[in-house]
Structures are given as C-alpha cells and as structure tokens.
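One chain follows as structure tokens, the form predicted alone.
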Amino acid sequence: MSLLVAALILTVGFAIFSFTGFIQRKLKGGRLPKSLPSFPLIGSLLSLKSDLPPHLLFHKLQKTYGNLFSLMMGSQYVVVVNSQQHAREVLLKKGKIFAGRPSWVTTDLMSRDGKDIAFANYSPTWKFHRKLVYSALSLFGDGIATLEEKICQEATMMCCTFEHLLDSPVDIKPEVTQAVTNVICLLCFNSRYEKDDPEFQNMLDYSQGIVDTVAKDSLIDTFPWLQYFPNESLRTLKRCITVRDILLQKKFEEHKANYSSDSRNDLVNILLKAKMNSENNNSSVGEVELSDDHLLMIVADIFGAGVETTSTVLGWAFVYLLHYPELQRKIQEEIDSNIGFERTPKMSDRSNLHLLHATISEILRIQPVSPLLIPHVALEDCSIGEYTIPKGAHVVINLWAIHHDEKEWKNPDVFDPGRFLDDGGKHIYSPSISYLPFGAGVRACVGEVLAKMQIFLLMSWFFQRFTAEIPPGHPLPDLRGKFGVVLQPAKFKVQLKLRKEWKNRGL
C-alpha cells in the first residue's frame, strides 16, 4: 500500500507540474483554442460531467467554445475539432504532422504497446505494416473479384439461415456478424466458421467485451495509476484480450507449421513471408520491425476493425429501414427492376442501384460508426487554422459534429438518402466535402474498400429476398445508439418475411 501512496503522490506532483508548465508555455505566445475550465490534476473533468455521450457533449459545447476548442484530461492537453475545414487540415493538409497516436492503458493492453496499425505511432514500421494489409486485398490472385465471390458465398449462407427464421421475432445480428466475420476469416486465415463452432462464439464474446471497455474508461486512460486499483472494466478487457490472443496464437501456430514460401492465399502467410524476409535482411524490407507480436496485433486489428465496424453499419441499416418501410419497398423495387430474380446481385450492379447506394451513404453520415475518430497526436509544434497546437497535443475529430453541421447539411438530424442523389436520381458521393465516413489521409480506414463491398452485397442480397418488419407488440428500434469504440445500435428484433416475388421465381 505504501508504494501505491507514493505513486499517487508522485502522480499528483507530476500532474501539477505538467499543468503549470503548460500554462507557462501558453503565456509565452501563440494563440491557443478557447479552453474549458481546467484545474491541476483533474483538468477539465468537472466540465465534462454529463449524461450525454462524448460526441454529443462536444457537439453541444461547440456552441459555447467554437468549432475548435481545447480541454485538459488530467495533465494531457486535448484539442477537439468539430468542423470539416479544421478536420481536413488535420487529416489531409497536415496529415503526417498529426499522424501520432496516444499511449493509453487500454489501447496499449489491446495492441501490446502499439504493435498494431490502429494504435501504433506513425513510423516506417507502421507504414510497412499498412502496406502489407493493403496487399491482402489482392492476395487471392483475382483481387477484388475473388473477394466479391467470398462475400457472396457468405451472403448465400446468411440468406439460407434467414429462410428458417421467418415470421417470428428474431435477433439478426448473430447471422449478419457471422457473414462479416467469415469474410475476414477467409482474408486472414483462408478458413471460415460454422455458427455452432464454439471458437466462433468465443470470438463474438471477446470482441463485444473489447468494444464495451477499450478506450471507454477515460479515468484509467487519464490517470494510469488507477490501473493498480480494483476495476471491473479493466478486468473484463484483460480477460477478453487473453481469449483473443489464445485464439489468434492458435491460428498463427497452424500457419507457421504449414508455411510455404510460395503460399500467398491469406494475410497471415503474407505476414509470415515478410517476417522471414526481414530476418534474412531482405533489402525490400529494410529496418522495419515485424516480430510475432506485430503479426498477431495486425491480424487482431483486421478482426477488430473489420468485423465490428461493418456489422455495426449493417445493424444501423436495418434499424433505419424498419423506421422507414416505404424506403425499404423502393429499394426492393429498384433491385427488382435492375436485377430481377433470375440471378443474385453483383458489385457491378452498384452503378445502377442508386437508391440503395444513397441509403448506405446516408447511414454512414447520420450514424458514423466511429463518431469520435481515434485521437491523433501532434508530432511537432504546428497549427490548426489560426490556432497554435503544441507538440504532444491529442487531437480529437468529432465526426458526429461534422456530419451534423447545419452549415453543411440541410436538416442534418433527418434521415434523408435523397441528399445523396442528383436531380436525375443518380447517386453522388457527397453533396458536401464534410462527408468523411472512413476518415481521410494517412490514417484513413485501411479496410474501406472491403467494408463498402460487404455492406452493399449483404444488403442487396437480403432485400432481394426478404422484407424486414417490426414484430407485433415490439417497439421501433432506438436511434440513439450505444457509445463505445464504435457506436452500436441497441439490441432489437425483426420479423422476416420471404418476398412472394422471390418465392414464386421460376414458377
């Protein structure tokens, strides 16, 4: 206990010293963004006390403090960006300057001290790892075409399962998540799971546990010494990470045992080949690091980001189409007119399914899967607009505020896919440059192409065959969402109806 007391005293002293040093630096010159009230040790925590989730609270504070404001999380200086102009400056114009990542207790645990892609600092090693992941999108030989084939294979299995769940209240999330998970499994391991596989259920459980806890308990990440005190969320996170790592280690060992230098049929084999090149001082690899920990954490990233984000977007799609059944009917009519029932949807159909494409775009706008992008860190003294930003500052992009900016979007809180259609009814990427669903710049989402393919194909396959309705006696799904690493919809149930046009095809 005496060690804990000493640590606490040292932390308090350091926090006061850091806070005082920051204030002194502030007074020496440079115009800093307007700040929330701050106090030694606790920083701005009193001003952040609210029942609102952070993205909505920051959006509210924007009215008082402006589009760019600052706060102190303990002794850490944080800048919050709420406008597309400042966001594009951070992400694009000065992307490399703001390409750092914070070191937090929760994310360090999850990434083995930043050995992944999402939470690793910007470096030659990070750039090399990211390049390897990009190469995985073409690892099947035919690239995108073969990825499409794998997604359609999982769409077939998902729809076959749904045909056995008709006309009664059902939670469709497990089936949707299984389809998305199996695509990622094929990409990473060239294997897939059956629904009753206990390993698959373990994956679902640990993934949800991580989403519920990582980077969410801000007090532990703000005051790292709190990790030495009892904390149920931290215990849950550690337990989920242990389960995850056991599963990934098993897959990794299987691949090492069967490795062949000519094998490039999945991400793990690509990573193993790169690692062996690195160990053999291959000049194409250089001095970048690629340890076993790096391999495991890169794969963990692909699962964490690829499964949770895509399945969450699909969850929101069902939520909104339950709220707007007329839109669902129009999407089905569009599918009927352009595809019919003699074949299943393909990626090439996206250029003709304008309303479905616009609906997906609007879902990504109104419910950004990551309403607060993973914080960036300024790697040197710099600026955002007219404001000075000191080296080491954490910069938070409030994507929610940007996607709900009344100056950029007409009636931003209204769900309206029509905003992504031109006068001729054709899909446009965006009516505003403030549309940033996958981020932008050097830290943009590495899985954007794969995510868009899965969302489009799984939705088009589903609505070609089924209609989703509210079960009798059940309320409409909640539109507020559950805040975490991703903004998930609250649990809801649907009643599936097999469309008569699909049932009668070929008769």
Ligand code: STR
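The numbering used is simple: start at 1 and walk along the sequence shown. Computed from a predicted model, the values in this text were never measured in an experiment.
Omitted here: the form predicted together with the ligand. The next part is about that form.
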- [ ] Answer yes or no: in the model of the complex, does the ligand come within 4.5 Å of a heavy atom in every one of Ala118, Val211 and Ala300?
- [x] yes
TODO: Name the single residue among Gln328, Gln76, Ser83, Ser370 that comes within 4.5 Å of the ligand in the model of the complex, judging by heavy atoms.
DONE: Ser370
Task: Candidate from Ile397, Leu356, Ala179, Met110 lying within 4.5 Å of the ligand in the model of the complex - any heavy atom - done: Met110
- [ ] Indicate whether Ser434 is a 4.5 Å heavy atom neighbour of the ligand in the model of the complex.
- [x] no
Task: Interface membership of Ser207, the ligand in the model of the complex, 4.5 Å heavy atom rule - done: yes
Open item on the list: Given that the ligand is not shown alongside this chain, does Val486 nevertheless sit within 4.5 Å of it in the model of the complex, heavy atom to heavy atom?
Closed with: yes
Open item on the list: Please determine whether Ile374 contacts the ligand in the model of the complex, using a 4.5 Å cut-off between heavy atoms.
Closed with: yes
- [ ] Given that the partner is absent here, state which listed stretch (316-324, 300-308, 224-232, 183-191) has heavy atoms within 4.5 Å of the ligand in the model of the complex.
- [x] 300-308
